[in-house]
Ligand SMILES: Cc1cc2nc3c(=O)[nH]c(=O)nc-3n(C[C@H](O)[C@H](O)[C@H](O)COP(=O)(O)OP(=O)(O)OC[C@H]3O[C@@H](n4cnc5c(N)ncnc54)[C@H](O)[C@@H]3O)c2cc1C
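Just one chain is shown here, as structure tokens, and it is the form predicted on its own.
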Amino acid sequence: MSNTLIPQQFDYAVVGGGPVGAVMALGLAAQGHRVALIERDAEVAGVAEAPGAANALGIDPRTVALSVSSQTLLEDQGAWPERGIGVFEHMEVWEDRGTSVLRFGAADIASNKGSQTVLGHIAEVGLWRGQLWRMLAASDVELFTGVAVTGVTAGLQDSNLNSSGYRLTFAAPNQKKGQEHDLEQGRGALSINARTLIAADGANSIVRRELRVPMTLADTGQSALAFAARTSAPHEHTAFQRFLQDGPLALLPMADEHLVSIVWSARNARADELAALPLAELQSELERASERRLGAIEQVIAPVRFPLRQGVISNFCPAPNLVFIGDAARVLHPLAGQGVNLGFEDVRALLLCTEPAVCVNAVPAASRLQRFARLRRARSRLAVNAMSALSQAYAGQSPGMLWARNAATRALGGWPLLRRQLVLEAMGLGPVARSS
């Protein structure tokens, strides 16, 4: 890390070092651009080899579902998780008051039987993030860690381009604006300049706030509990999802055949109850709610709770050379596990705009960014609306709604072409996903 206090000039500054921001920075560097990555977490570059070692199951309860489309991008970037990765080949969906069960597998959606072997993967975030940051440390990306963005100034003129750029000002996370000069010697530059700014800093994006870019997040009235469990029966690479009256429960297969990642969404009052339970009682509740699909629940670890909100930014590129991606651009209900996959769709589409052959002095063409913004917002709105509609459909408990859902489940189970198209979209391989 540089010790100079003179602002350094970069082609791209990426704010946010989660998986989406990290892969974005690696992709830009591979294209030959000069890239800065800014991450608030001071410890991210030294993530422990076993972030789940502190709990009884020895795994990280924070997981993400990775689609087949995301796998292609990550493998192209050399960023596919090396450890802590589970695979699911089958999926089973049912509801607590239903009479039908929807089952499908990878072979059901293959053009040629056997050509598609998996529906997706489940990755432990901690292990993978540590791997990504070791890759970043070995790359040409300039890393600024343990600093928070305290100011973003737009409209800097690049003498070579005569176009707008951005200056980012940093402080240690516990400092306030105006205290930037108190940074310790050796901490790094107080500010940097970038021709293009990419915000990947999450749902509470500092960049979005500093530049007053509007994004309305609607409260769903639900919260999710994320944890993990050991089961007596092996998961056999199957993902299970049951729709309960208060929200969906997902059991996702981990690398160990007797371990599953749990995402339990419920109305806030019910989430309060579940989060307050002793682990032995939570274990019993999970066994009951899952109808012992995986036998007895032998052990659980303490859940992490987070509120469920949904929303899409007003514009993915609201100003020249300013781009929002990942959760900084849209927040999605975890019902279908598509949040991070939409973020990687952003990365793939943006890397097409930043290829040196289509840039001028490393700056993407405005027309390409505008098209990127239109397509990504349309894709995101479609995803948010679909999750809202699905949540509302399963929230209704009237006899008519129950009948309609069971009839739809039976029809979908007997209509392989429609089922195939829906699953292809979830995998990021369908025409809607590909067109955006």
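We number the residues from 1 along the sequence you see. As the structure is a computational prediction, the values presented were derived from the model and not from experiment.
One more form of this protein, predicted in complex with the named molecule, exists but is not displayed; see below.
> In the predicted bound form, do G16, V149 and D201 all put a heavy atom within 4.5 Å of the named molecule?
Yes, each of G16, V149 and D201 comes within 4.5 Å of the named molecule in the predicted bound form.
> Out of V263, A271, V312, A106, which one falls within 4.5 Å of the named molecule in the predicted bound form, going by heavy atoms?
Spelling it out, the residue with a heavy atom inside the cut-off is V263.
> Quick one: of T231, Q222, Q338, S290, which gets a non-hydrogen atom within 4.5 angstroms of the named molecule in the predicted bound form?
That would be Q338.
> So in the predicted bound form, is the named molecule close enough to A25 to count as touching (4.5 Å, heavy atoms)?
Residue-level check for A25: no, no contact with the named molecule.
> Within a 4.5 Å heavy atom cut-off, is E39 in contact with the named molecule in the predicted bound form?
Residue-level check for E39: yes, a contact with the named molecule.
> Please tell me whether any heavy atom belonging to R208 falls inside 4.5 Å of a heavy atom of the named molecule, as the geometry stands in the predicted bound form.
R208: no, not in contact with the named molecule in the predicted bound form.
> Given that the named molecule is not shown alongside this chain, does H235 nevertheless sit within 4.5 Å of it in the predicted bound form, heavy atom to heavy atom?
Contact with the named molecule, no.
> Looking at 26-34, 365-373, 380-388, 56-64, which one sits within 4.5 Å of the named molecule in the predicted bound form if you count heavy atoms only?
Going by heavy atoms within 4.5 Å, the stretch is 56-64.
> What are the residues of 19-34, in order along the chain, with a heavy atom within 4.5 Å of the named molecule in the predicted bound form?
Heavy-atom contacts to the named molecule in the predicted bound form: P19, V20, G21.
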